[in-house]
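As structure tokens, one chain now follows by itself in the form predicted alone.
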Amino acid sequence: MSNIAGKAYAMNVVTPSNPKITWINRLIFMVARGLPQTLGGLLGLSIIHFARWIIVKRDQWPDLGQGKQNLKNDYMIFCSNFNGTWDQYIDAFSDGIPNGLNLFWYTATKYPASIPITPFKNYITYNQIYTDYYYNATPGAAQRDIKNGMQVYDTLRDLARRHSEESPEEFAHSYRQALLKVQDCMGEPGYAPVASLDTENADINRKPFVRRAEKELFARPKSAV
């Protein structure tokens, strides 16, 4: 079990809030959607794939067979995928939109504010839910790698079109201009230096249990499998 897939990290944080004041958070999110410039600091963080806040009222949780639950609090679920380490992400969030974070968690129980950073990190740690399964279609590429690759692709398609329309001299000029345009986009993607050994250690620690389960499975009579 790990929150890491290649260069990406998946974060899920669930925080309780008093049902009497949850409406304040709904109003804050409505204002933020209507005035996206208030999230300028967040949108400028290129390490973030996406971030989403969801408010779930205490009577809105699904009954998957466990029976209806009697909860005292509403809850806010925060989901995000990003590049880099957990500490880098929290630091970037706290530095980029400290006031925005305080508003988004305005009604959260015992929220300590985003500054100073240590109580904020402790709060996230205590309320984080670790993922059971995390799939990343491009584990060796960061968000910037994907954007750069798309820019190179568009440039090559444009050159292909120009090749059939321009003279050799004109195409040579277009080629040089295109090369200057995308020269910063041709870095080699791949796995970053290991920031966490969680995945590798999880596989190593899981291996004895997997082997024991395989032996028990194959040792059973076929009629019992």
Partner chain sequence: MPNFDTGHLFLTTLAPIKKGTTLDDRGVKVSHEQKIRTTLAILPTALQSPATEEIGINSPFARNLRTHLCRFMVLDDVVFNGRVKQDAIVTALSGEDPIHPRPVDQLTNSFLLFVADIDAVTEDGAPLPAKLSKAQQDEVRDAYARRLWETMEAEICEIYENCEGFDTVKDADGFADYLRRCQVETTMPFNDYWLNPPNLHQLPVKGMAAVALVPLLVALLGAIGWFTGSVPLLTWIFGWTPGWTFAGGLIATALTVWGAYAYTLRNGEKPMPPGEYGDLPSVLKSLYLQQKFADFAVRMQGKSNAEIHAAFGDFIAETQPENKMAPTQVPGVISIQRKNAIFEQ
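Since we're looking at a predicted model, the values are computed, not measured. Numbering follows the first chain given and starts at 1. The term rigid core refers to the maximal set of C-alpha atoms that superpose within 1.5 Å between the two forms.
Another form, the form predicted in complex with the partner chain, is not on view; read the next lines as being about it.
Proximity to the partner chain in the predicted complex holds for all of 6, 79 and 156, with the criterion being a heavy atom within 4.5 Å.
Residue contact check for residue 113: none of its heavy atoms lie within 4.5 Å of the partner chain in the predicted complex.
Contact check for residue 94: every heavy atom lies farther than 4.5 Å from the partner chain in the predicted complex. At a distance threshold of 4.5 angstroms between non-hydrogen atoms, residue 141 is in contact with the partner chain in the predicted complex. Contact between residue 217 and the partner chain in the predicted complex is found at the 4.5 Å heavy atom cutoff. In the predicted complex, the residues of 126-155 lying within 4.5 Å of the partner chain by at least one heavy atom are, in order, 126, 127, 129, 130, 131, 132, 133, 134, 135, 136, 137, 138, 139, 140, 141, 143, 145, 146, 147, 148, 149, 150, 151, 152, 153, 154. Once both forms are fitted on their core, the CA shift for residue 14 between this form and the one not shown remains under 2 Å. Superposition of the core reveals a Cα shift of less than 2 Å for residue 87 between this form and the one not shown. Annotation: Cα of residue 66 displaced by at least 2 Å between this form and the one not shown, core superposition.
Note on residue 65 and residue 130: their C-alpha atoms are more widely spaced in the predicted complex, a change of at least 3 Å from this conformation. The pair residue 66 and residue 126 separates in the predicted complex: their C-alpha atoms are at least 3 Å more distant from each other than in the form depicted.
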